[in-house]
Ligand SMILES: C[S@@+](CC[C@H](N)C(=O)[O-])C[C@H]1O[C@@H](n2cnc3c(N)ncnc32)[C@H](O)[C@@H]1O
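Only one chain comes next, encoded as structure tokens, the form predicted alone.
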Amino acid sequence: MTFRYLGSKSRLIDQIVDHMPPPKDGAFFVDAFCGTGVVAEAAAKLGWNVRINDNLYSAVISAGARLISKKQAAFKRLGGYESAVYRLNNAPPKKGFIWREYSPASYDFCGIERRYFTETNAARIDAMRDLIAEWRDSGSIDELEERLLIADLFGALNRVANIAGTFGCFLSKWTTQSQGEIAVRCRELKEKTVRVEAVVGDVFDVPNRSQDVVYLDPPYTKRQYASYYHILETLAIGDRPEVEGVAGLRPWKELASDFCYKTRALKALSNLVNSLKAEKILLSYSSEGHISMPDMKVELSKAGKSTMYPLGSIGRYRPNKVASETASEVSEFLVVVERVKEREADFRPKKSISADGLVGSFA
């Protein structure tokens, strides 16, 4: 992953791993708010089957790409992975949706000059995304290979995006890196294939059983991920939505999270924990979150034995230079909830990703 992601656990992963139990036969490590998949990847390294979920398709694509093996992404019909990436990087530019809405060309269409990408890079992003879709439609690549290339495109466009860290807005002046030439890079694929199931949808619908371990990393603050990463979501889905405002946001409010509202966060967390069947739950949270530590302790004690482990301090999210100079650090911690064993109920996934929808399996 080549871009900063709000709430990423990349700097805390070693400490989180210390609290992961050994894998059980047939059980899953369920990363219910998977984000970029840092925690899911660590669980897979321990030998766990992994189930990833997020309400953003772009997040599930990013997380799933971390777990793809060389065997799964052979790109046989394109001459291999490197050949596919070479072809993407040499696709003739197209003045498509990204060029029209997220480069200076947008001024001629809506009267707002959106400087997310230079016109040249935006046209190349359009060309690469269209080529990936053409390959999928023609059968040249399968669903897994398609997702891998889309995730690689995310990395490429983030290296040249004229943003302060998220896509919530663009910068008024071009940065040096934003004027560079976009290029997709091959990533290091896994040597071993892991069983991975992917779900895009409401966290309350994620399948889990008593023997599973569920990891929760909900949003802590008012920042809504659906608006902050709207361009990635558009590229993931491959649609051309009606966008609005200076930032050119796609419709996102139906994906707004209760965890981002101070008046709803505690109730949402309580309802979620109590709805899970898993006997062991790991919860990441932060001192800057909407839920206070005393309130969380009281609420989680109703669900079972809970133990809080401090993970240390990390730098607060800094969207710009001024914020970087004034920002303090925040304390991160992990809560381990162990529940009383209950009767196992049969479960069926309430949502699954189909080849032509927004959900699928990485197995």
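Quantities reported herein were computed from a predicted structural model and do not represent experimental measurements. From 1 onward, residues are counted along the sequence shown.
What comes next is about the form predicted in complex with this ligand, which does not appear here.
Student: Name the stretch, out of 113-121, 167-175, 216-224, 129-137, where some heavy atom lies within 4.5 Å of this ligand in the model of the complex.
Tutor: Only one stretch passes the 4.5 Å heavy-atom test: 216-224.
Student: State the residue from E181, D239, E244, D202 whose non-hydrogen atoms include one within 4.5 Å of this ligand in the model of the complex.
Tutor: Spelling it out, the residue with a heavy atom inside the cut-off is D202.
Student: Is S69 close to this ligand in the model of the complex, meaning a heavy atom pair under 4.5 Å apart or at it?
Tutor: Although this ligand is absent here, S69 would stay clear of it in the model of the complex, with no heavy atoms inside 4.5 Å.
Student: Do W48 and this ligand come within 4.5 Å of each other in the model of the complex, heavy atoms counted?
Tutor: Close contact is absent here: in the model of the complex, W48 is far from this ligand, nothing within 4.5 Å, heavy atoms only.
Student: Given that the partner is absent here, does E41 sit within 4.5 Å of this ligand in the model of the complex, heavy atoms only?
Tutor: Heavy-atom contact with this ligand at 4.5 Å: absent for E41.
Student: Can you tell me whether L56 touches this ligand? I mean in the model of the complex, with a 4.5 angstroms heavy atom cut-off.
Tutor: Contact check for L56: yes, within 4.5 Å of this ligand in the model of the complex.
Student: Along 17-35, which positions have a non-hydrogen atom within 4.5 Å of this ligand in the model of the complex?
Tutor: The stretch touches the partner through A32, F33, C34, G35.
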